[in-house]
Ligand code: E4P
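So this first bit is one chain, no partners, the form predicted alone, shown in structure tokens.
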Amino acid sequence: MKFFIDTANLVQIKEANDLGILDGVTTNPTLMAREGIKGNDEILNHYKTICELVDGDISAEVLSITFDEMVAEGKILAAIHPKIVVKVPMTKDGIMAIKWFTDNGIKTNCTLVFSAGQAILAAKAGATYLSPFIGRLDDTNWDGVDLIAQIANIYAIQGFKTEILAASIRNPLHIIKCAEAGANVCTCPLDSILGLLKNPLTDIGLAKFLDDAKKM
């Protein structure tokens, strides 16, 4: 399973990349705003900087809602760097735009996915990645991981090539459950990634080894 970090914070991106396990980055307007990044030129330059930091796909989200506007904006984003994946919302116009991008050799990430039906449409349109938001589903008392498993099963049966990118990850257990359910990618906050390192038995064992080493 690939690991993407879900942030626009360059310090966190570098820390995750330095671990040696990072495969890409996802961002969105909320994450950009959180870092104080405003204005089209500033956003485009920030994407370029991220591309230069990470050896992997970088999802850059369109802010348009109509087909023509999405295509125009997606062309600009794709021109930033070969690593850019154009992130498109799951709407009627979004599906049309994904098909256009696919036909024209531009990678896409279909975002804001909450059902298997939406996942089928995105795969049919040729999306490179599909982003089900499991944390937001959990918030509505539905099991987001169950959706990952359902989509993985459908894609395997139908032979769809779209990669399932589990998004809206809230904790390390989400990552583990998504791996079990068949997600190809997890995009996570840095805290969730680092949380996988933690186990009290590891800390106790390391302390014992170090204490014994002093006695040698």
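Only a predicted model underlies this, so the values are computations on that prediction, with no experimental measurement involved. Heads up: residue numbers just count along the shown sequence, starting at 1.
Only in words, not in the display: the form predicted together with erythose-4-phosphate, which the text now covers.
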query	finding
Residue among Lys75, His81, Arg136, Lys124 with a heavy atom within 4.5 Å of erythose-4-phosphate in the predicted bound form	Arg136
Residues Val62, Lys107 and Thr128 all lining erythose-4-phosphate in the predicted bound form, heavy atom within 4.5 Å	no
4.5 angstroms heavy atom contact with erythose-4-phosphate in the predicted bound form for Thr162	no
Contact flag, His46 vs erythose-4-phosphate in the predicted bound form, heavy atom cut 4.5 Å	no
Heavy atom of Asn28 within 4.5 Å of erythose-4-phosphate in the predicted bound form	yes
Ile148, heavy atom within 4.5 angstroms of erythose-4-phosphate in the predicted bound form	no
Contact stretch among 46-54, 66-74, 148-156, 163-171 - heavy atom within 4.5 Å of erythose-4-phosphate in the predicted bound form	163-171
Partner contacts for 74-96, taking erythose-4-phosphate in the predicted bound form and a 4.5 Å heavy atom cut-off	Lys87
